[in-house]
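This document starts with one chain, in the form predicted on its own, laid out as structure tokens.
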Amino acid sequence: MNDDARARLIAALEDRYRRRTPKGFRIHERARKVMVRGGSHTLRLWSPYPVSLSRAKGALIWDADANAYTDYWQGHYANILGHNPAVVLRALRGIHEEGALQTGFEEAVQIELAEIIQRQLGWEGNRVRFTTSGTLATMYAVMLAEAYTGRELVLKVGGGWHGASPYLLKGVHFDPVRGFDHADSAGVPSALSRKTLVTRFGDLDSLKAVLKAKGDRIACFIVEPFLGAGGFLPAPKDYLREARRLTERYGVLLIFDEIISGFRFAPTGLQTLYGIRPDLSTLGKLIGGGHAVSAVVGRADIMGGCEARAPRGRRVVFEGGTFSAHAEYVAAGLALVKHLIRHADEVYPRLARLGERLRRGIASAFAASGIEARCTGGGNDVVPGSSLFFIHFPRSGAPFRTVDDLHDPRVSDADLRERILKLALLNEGVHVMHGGGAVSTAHDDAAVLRTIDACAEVGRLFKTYA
């Protein structure tokens, strides 16, 4: 598809979208007058304007113009049971009757959720502290690691998104010239950015090289066992096992970011499935049941850095925030986590089956129009199936050898995935983010088939502009 054809396709898609959503346009114009770009989260503010949500239930959302969409964003992947599931709403009704507003006191409901997290991860005897977002959890984990080791360098992988902490706003977005080795935001102090090192996900040689060169100065290596926004890829087992061995050798703390993967593939973290114990873990999304709950879980000696009696110069001010462990939020998470544990034998195999059918169906739907589309998000020899999918459009049959290739515009057509596919699928009644998303238990075979049919229609449309 040349530039002229691409421009004509985008114009046609935007015209159809505007005709379907006149109320949504007026709402967005109102929002633009008072908020930056008309909202408060950049990912939700796509061009020409975002869906103005009217309601959400199960696998579906409805906009202000009464258009229905099969939704795979599902609350930033937090809603594994679909939007507003009955099991969570029942738990909230009880706490609302007692009074759900913030009290400013520690409330007992958080104890049970912490105990369950400890037990399911096999972390008995260690410690949990709650906060309100994945960004805060990963930030505090890094601060704890630096305080414990007395070191200041942080190692992460290219494509790894760990929230908007200044410690970790580097190596997130790919640049054709610099790759992932650059800061991703203005306002991050250059001195701090220089202390964040970037290695390649799944590449043992790269990991060994950076640890050999600077291992005695690195406080922590933070990695997602299942790479999220970077491409939905499970880490190779030997990569994580060697990462554990090498970090122990160099005195580097290993942090698993399981904000997305915790309770997503099984009623535990991927660390349990891999049989690898990190020094610290971060959890979020599912443990809040659609509410603002995240946690840092880790070795008691490291987590002791939060204590007021921690040695001078080693104390981390991990205070969490006004709404940390808010009773309403924690009750929602507790209800969801308990449900996943009780119904694990039903929930996870079904999600894996639907995810696999969707990934295969999407690739076949585009292939029918002569368009190559590849779906990442599947499991591996450790991860027993997956509910996630991420669509990629390789250029001229280019192989995807590394995470870099998924984002390099010379190898993969990211604009087609992120911008054009999104709008085309919206016009067909399907909402995705980053060219994909997550299946929930509220999705069924009929929803998956409708999505595959929508991709087939989009493939035919793309073909006419090729």
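Position 1 is the first residue in the sequence shown; the rest follow in order. Quick caveat: nothing in here was measured; it's all calculated off a predicted structure.
One more form of this protein should be noted, the form predicted together with a small molecule, which is absent from this view; the next part is about it.
- This chain lacks the partner; the member of L155, V252, I259, I287 within 4.5 angstroms of the small molecule in the model of the complex by a non-hydrogen atom is I259.
- Checking T196, Q110, T135, T131 for any heavy atom within 4.5 Å of the small molecule in the model of the complex turns up a single hit: T135.
- Heavy atoms of W161 reach within 4.5 Å of the small molecule in the model of the complex, making it an interface residue.
- None of the heavy atoms of D279 is located within 4.5 Å of the small molecule in the model of the complex.
- In the model of the complex, the small molecule lies farther than 4.5 Å from every heavy atom of D71.
- Segments offered: 98 to 106, 259 to 267, 335 to 343, 243 to 251. Contacting the small molecule in the model of the complex at heavy atom distances within 4.5 Å is 259 to 267.
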